[in-house]
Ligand SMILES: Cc1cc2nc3c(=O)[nH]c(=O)nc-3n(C[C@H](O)[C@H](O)[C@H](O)COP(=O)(O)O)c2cc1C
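Here's a solo chain for you in structure tokens, the form predicted alone.
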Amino acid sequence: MIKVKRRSVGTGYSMVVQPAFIIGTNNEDGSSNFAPITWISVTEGPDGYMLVVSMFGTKRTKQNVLRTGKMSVNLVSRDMLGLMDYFGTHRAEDGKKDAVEYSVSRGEALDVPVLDASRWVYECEVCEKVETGKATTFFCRIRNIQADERFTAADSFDVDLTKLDPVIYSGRYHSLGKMLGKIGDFSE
């Protein structure tokens, strides 16, 4: 292995490789609200995996989650990039987000809006929240996962992300190239 030469660049960079998701919530009037969120991870909970979703500021999506304790977490694939960008550049406070065509269904386990175009959707219920500055981090029990019926995997470590074609965000949009292998393929 080669030794990489590095230099300090300061702490202003927030380059963290993050999958892109669109969070779906219910507004007070029952209508659907969607916003892109990329601060999402997973952790172990008392009953299995939990989704960890952090939201900054006072956006309607965050307020809806605080009020209802529920959300859908819709993976963004490259074919959904225009929709994600639209949701990210239009605020709910400025009016209904309906200038771009998209279709919505309801969750199977929870009453949450789900984007029909998403190939992988989590239906989540908040178990705990942590406030840090202007951000709220929600620890969510995964109540259901909806996956594109064309997708197959033997277990949670068998997921070939290239088939889901996710958008990756790190200040700009990226996509994946190829699957490199599984755990143990590269050890000596």
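Note that residue numbering begins at 1 and tracks the sequence as displayed. Treat the numbers as computed from the prediction; the structure is a model and nothing was measured.
One more form of this protein should be noted, the form predicted in complex with this ligand, which is absent from this view; the next part is about it.
Q: Counting non-hydrogen atoms within 4.5 angstroms of this ligand in the predicted bound form, say which of W39, Y49, F139, F151 makes the cut.
A: Here the answer is residue option W39.
Q: This ligand isn't shown here, but in the predicted bound form which of L110, M80, L75, A92 has a heavy atom within 4.5 Å of it?
A: By the 4.5 Å heavy-atom cutoff, the listed residue in contact is A92.
Q: In the predicted bound form, do S54, F87 and K97 all reach within 4.5 Å of this ligand through at least one heavy atom apiece?
A: All three within 4.5 Å in the predicted bound form.
Q: Please run the contact check for R60 against this ligand in the predicted bound form: heavy atoms, 4.5 angstroms, yes or no?
A: Yes, contact at 4.5 Å.
Q: Is F34 close enough to this ligand in the predicted bound form to count, meaning some heavy atom within 4.5 Å?
A: F34 belongs to the contact set for this ligand.
Q: If we take heavy atoms and a 4.5 Å cut-off, which stretch out of 65-73, 26-34, 120-128, 143-151 is in contact with this ligand in the predicted bound form?
A: Heavy atoms within 4.5 Å of this ligand in the predicted bound form occur in 26-34.
Q: Enumerate the residues of 169-183 that have a non-hydrogen atom within 4.5 Å of this ligand in the predicted bound form, in sequence order, or give none.
A: Result: Y169, Y173.
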